[in-house]
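Just one chain is shown here, as structure tokens, and it is the form predicted on its own.
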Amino acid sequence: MDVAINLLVNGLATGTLIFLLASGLTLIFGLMSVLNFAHGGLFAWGAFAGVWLFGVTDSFLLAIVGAAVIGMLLGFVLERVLIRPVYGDHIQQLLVTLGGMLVISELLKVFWSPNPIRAGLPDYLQGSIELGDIILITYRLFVIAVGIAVYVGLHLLLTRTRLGLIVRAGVIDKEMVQALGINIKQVFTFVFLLGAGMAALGGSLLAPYSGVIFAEMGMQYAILAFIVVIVGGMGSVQGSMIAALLVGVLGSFMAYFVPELSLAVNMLLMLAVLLIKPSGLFGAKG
């Protein structure tokens, strides 16, 4: 029983980190119809920036907030330089953002190091909590708490504010939103910055979670994020949350009980969902 609970907590923490990357990606897909393969690079930049800021400031909270801000700034540059000229052309988006991903990864090596870098934790997040025979890692619980807080905040933003109403309407029909006199390009930029900041936040939280970060990690997690977006449904934040947790928990249990299937289980999950409901678990038809 204690093994199952530890695997569940581990899977939920991993799923939370994937959600932070996938939620911004699903909004960018749903609203902007942009295939942004450079999104994983923002995740990696968040990891490196978080480790660097923690070393400079000795404040973990300041480090993860600063990493999110750096991710938003980098996202602003990407949106203006790479994405904006290729709106509406998926082939060019694919090529341009893949190239951007490679450039971002190489810049990490220039600014920091081509070698893996170890990531530390503040004292108050180290250790574990014992509940009888169950031992829960403190930092994993912290990651889950941050993920829930971000999800609740994003949900309230999208459902309780005028800006959220515009974003949700733009996901359904961006031409109609523009016809109402709303500057859809400004909404695009806001969504892109929000997604970039969440991706960088996820990267900054992942660094201490994995213990070691490296420049190519962005592509690895970007693949998981795309699987989550497809399973959850494009444009659905709720779908991304559920799909990310499902991917994290399945991966955790499979890695422990059937290691040979740990890499394939996510692909099998995506295939099953596409066969049953091609639009994803919470995606709209069409």
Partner chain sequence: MTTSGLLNHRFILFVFLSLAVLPFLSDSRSLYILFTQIFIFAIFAMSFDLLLGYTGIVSFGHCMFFGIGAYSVSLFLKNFDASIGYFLLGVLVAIMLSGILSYVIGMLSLRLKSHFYAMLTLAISQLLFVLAEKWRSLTMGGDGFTFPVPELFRDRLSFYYVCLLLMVMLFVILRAFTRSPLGKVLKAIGQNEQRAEALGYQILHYKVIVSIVAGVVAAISGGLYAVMLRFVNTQVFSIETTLDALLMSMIGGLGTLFGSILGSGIVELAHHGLTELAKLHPIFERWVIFLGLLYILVVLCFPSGIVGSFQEWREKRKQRSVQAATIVEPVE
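All values derive from a computational prediction rather than experimental measurement. Numbering follows the first chain given and starts at 1.
What comes next is about the form predicted together with the partner chain, which does not appear here.
The listed set 88, 85, 211, 127 contains one residue whose heavy atoms approach the partner chain in the predicted complex to within 4.5 Å, identified as 85. The partner is absent here, but in the predicted complex a heavy atom of 96, alone among 150, 72, 96, 177, sits within 4.5 Å of the partner chain. Of the heavy atoms in residue 270, some are within 4.5 Å of the partner chain in the predicted complex. Among residues of the shown chain, residue 223 is one whose heavy atoms approach the partner chain to within 4.5 Å in the predicted complex. At the 4.5 Å threshold, heavy atoms of residue 81 reach the partner chain in the predicted complex. None of the heavy atoms of residue 250 is located within 4.5 Å of the partner chain in the predicted complex. Residues 114, 234 and 278 are all found to lie within 4.5 Å of the partner chain in the predicted complex, as judged by heavy atom distances. For the partner chain in the predicted complex, the listed stretch (183-191, 102-110, 157-165, 141-149) containing residues with heavy atoms inside 4.5 Å is 102-110.
With contact defined as any non-hydrogen atom lying within 4.5 angstroms of the partner chain in the predicted complex, the contacting residues in 35-61 are 35, 37, given in sequence order.
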